[in-house]
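Below you'll find only one chain, the form predicted alone, shown as structure tokens.
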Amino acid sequence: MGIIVQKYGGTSMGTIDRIKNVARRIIAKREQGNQMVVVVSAMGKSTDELIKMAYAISDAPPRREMDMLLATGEQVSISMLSMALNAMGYDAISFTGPQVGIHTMGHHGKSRIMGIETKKIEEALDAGKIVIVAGFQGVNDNDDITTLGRGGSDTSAVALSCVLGCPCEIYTDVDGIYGVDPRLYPPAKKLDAVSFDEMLEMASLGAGVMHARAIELGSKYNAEIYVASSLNDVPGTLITEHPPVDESRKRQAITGMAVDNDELMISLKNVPYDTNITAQFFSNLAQKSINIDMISQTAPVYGAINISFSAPIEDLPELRTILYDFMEKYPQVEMDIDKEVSKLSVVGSGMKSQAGVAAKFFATLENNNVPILMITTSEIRISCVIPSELKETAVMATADAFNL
């Protein structure tokens, strides 16, 4: 029998009826002769509720205690799903991340999986059990529970499929991966297949279907990932190293578009023109695992420069501490924090071979009176920071222009 790793998200596990539906889907695969390892997220919006509870207690809850709290959401899901399977006559056993040997390192709330012990899983499979594993969590060298960040259950599932050498199926509340979020652009087209490179860019830029770290692992170990709906039996999307190339894909310069509303833009004026000062500032951000995506810098004028950069809004408390320390050291520096921005990105391998993509993208925004506040590019993507109030206009216009 072959092993299959499946992952079910919070919406798929949102109610008792949906948990029973997930159990039936697992049983159907099991009846085909497969050994099943299933990763699940917390039920519905329970993680959001736990976060609200934490901030009702404290304005700045310690990251370690947040991890301790948030990990309980998945613990509820794994036990409920295991109960459902056992009630249907199938032997199942649930494990938390630490129990199953998912080892992590890094900061609380954004840890990374460094290794997984497979012994306990393999023993349970050999005993004929269906194995249910809590996603999103692991344990560090201090024996502290850690979490992997939003969407981390995807990473848990792909990491397990890599160490077990088996396929990975991600089931969610959408039918697959779309070129644009259908909630933002209803005519969006579903992709039959997408490359790891394109999906990694889209995930890291705010496309919420997959966790970026999960795509990194899939690409590194060439572990194909299938994304489909847990609610509808329709074909999904295959994420693979080399997607099949049809004529329509050859003509398509842009594969998809991502929108990230969880970014802010920080502008610093009158920063001393000294590379050591700039390097130290961004080093301080890196030490706190604050991910800086876009950076722009003006030419020096009278020994001073202006610097703008984007960062995740969830890191604002730590950002403020670093920024205020910086301004205390250099009192002439002026700071502006703009939370009312969105990051709009277009992604496609076709950019490598087709000229004029950037010109078309910028012209589309200009023709729709959408100002560009910052720009960054890579070989297969272009990202712009724009005012949040114009996000819908920009999405509709760009999706129309590139036939997404």
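Because the structure is a prediction, the values reported are computed rather than measured. From 1 onward, residues are counted along the sequence shown.
There is another form of this protein, the form predicted in complex with a further copy of the same chain, and it is not shown here; the text below is about that form.
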Inset, instruction - May I ask you to choose, among T72, S195, T278, S308, the residue with a heavy atom within 4.5 Å of a further copy of the same chain in the predicted bound form? - result: T72
Inset, instruction - Work out which of L238, I93, L164, M265 lies within 4.5 Å of a further copy of the same chain in the predicted bound form, going by heavy atoms. - result: I93
Legend entry - Site check L316, V370 and E392: each within 4.5 Å of a further copy of the same chain in the predicted bound form by heavy atom: no
Inset, instruction - Flag I145 as yes or no: does it have a non-hydrogen atom within 4.5 angstroms of any non-hydrogen atom of a further copy of the same chain in the predicted bound form? - result: yes
Legend entry - a further copy of the same chain contact at R25 in the predicted bound form, heavy atom, 4.5 Å: no
Inset, instruction - Using the partner position in the predicted bound form, report whether K120 sits within 4.5 Å of a further copy of the same chain, counting heavy atoms only. - result: yes
Inset, instruction - With heavy atoms only and a cut-off of 4.5 Å, decide whether M53 touches a further copy of the same chain in the predicted bound form. - result: yes
Legend entry - Location of a further copy of the same chain contact in the predicted bound form, chosen stretch of 335-343, 350-358, 25-33, 61-69 [non-hydrogen atom, 4.5 Å]: 61-69
Inset, instruction - For the stretch 66-93, return the residues whose heavy atoms include at least one within 4.5 Å of a further copy of the same chain in the predicted bound form, in the order they occur. - result: M66, M68, L69, A71, T72, Q75, V76, I78, S79, M80, S82, M83, A84, N86, A87, A92, I93
